[in-house]
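Starting off, we have a lone chain in the form predicted on its own, written out as structure tokens.
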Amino acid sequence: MTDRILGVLGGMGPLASAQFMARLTLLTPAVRDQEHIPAVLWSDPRVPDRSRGRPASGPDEVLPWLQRGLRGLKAAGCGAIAMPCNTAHGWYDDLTAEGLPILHIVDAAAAALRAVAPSGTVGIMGTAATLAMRLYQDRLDHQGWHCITPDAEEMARLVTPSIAAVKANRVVDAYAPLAEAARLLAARGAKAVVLGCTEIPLGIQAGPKLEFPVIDTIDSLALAAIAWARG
């Protein structure tokens, strides 16, 4: 049992946030309601598109929306924040300035990655913005992994349309292209593939299990949140 209240800054997208809440519940070792984790979900799909990444200059349309949600969760008494959107972690430093700890999704994925591929080459799938901002590459390279990513043609043909399909509730349609992209990374030497967009695990789960380890960043973040809540 815990008195710690988890804040979930979600809606990016709404299906991924709903999946996070489901996995948070299912992964918690509880036998009755009172042993589950108190959580407040702020699911606001009106947050502007993160796929363009942080602007190099000019107004930032995304940050005020993220700050609004974070402040709402803080007012609700939350003691830490989980953000089940990988690309939104491009604004991580600005959000931590609000004074609440934020569980970093890349660190959560790294913890899961150590169990299946403690070193060597790993594949990273994500939005074009996540890869361009090097949210995974820099953080994992520093911890001893060598990261490879889909090339521009594979992103345009396989990954980006599949993320859009999940956001449009066409989850089954996303499986085949996402599986192809993951297999291409494995063929290039990836010992495991990190599904570094919270829409991607939903697509991958819509078909047969892949032949190599994949890191579900929704599950990884849920496990990190459980560890935080349990102290």
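This is a predicted model, so every value here is computed, not measured. Each residue number is its position in the shown sequence, starting from 1.
Quick note: we don't show the form predicted together with a further copy of the same chain, though the next part is all about it.
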Check for me whether a further copy of the same chain, as it appears in the model of the complex, comes within 4.5 angstroms of all of A181, G196 and D216 - heavy atoms only.
no
Determine whether any heavy atom of L223 comes within 4.5 Å of a heavy atom of a further copy of the same chain in the model of the complex, and answer yes or no.
no
Would you classify A176 as touching a further copy of the same chain in the model of the complex, given a 4.5 Å non-hydrogen atom cut-off?
no
Does any part of A187 reach within 4.5 Å of a further copy of the same chain in the model of the complex? Heavy atoms only, please.
no
Would D44 sit within 4.5 Å of a further copy of the same chain in the model of the complex, counting heavy atoms only?
yes
Which pick from A97, A76, A152, A115 sits with a heavy atom within 4.5 Å of a further copy of the same chain in the model of the complex?
A76
Heavy atom within 4.5 Å of a further copy of the same chain in the model of the complex - qualifying residues of 12 to 31
M12, G13, P14, L15, A18, M21, A22, T25, L26, T28, A30, V31
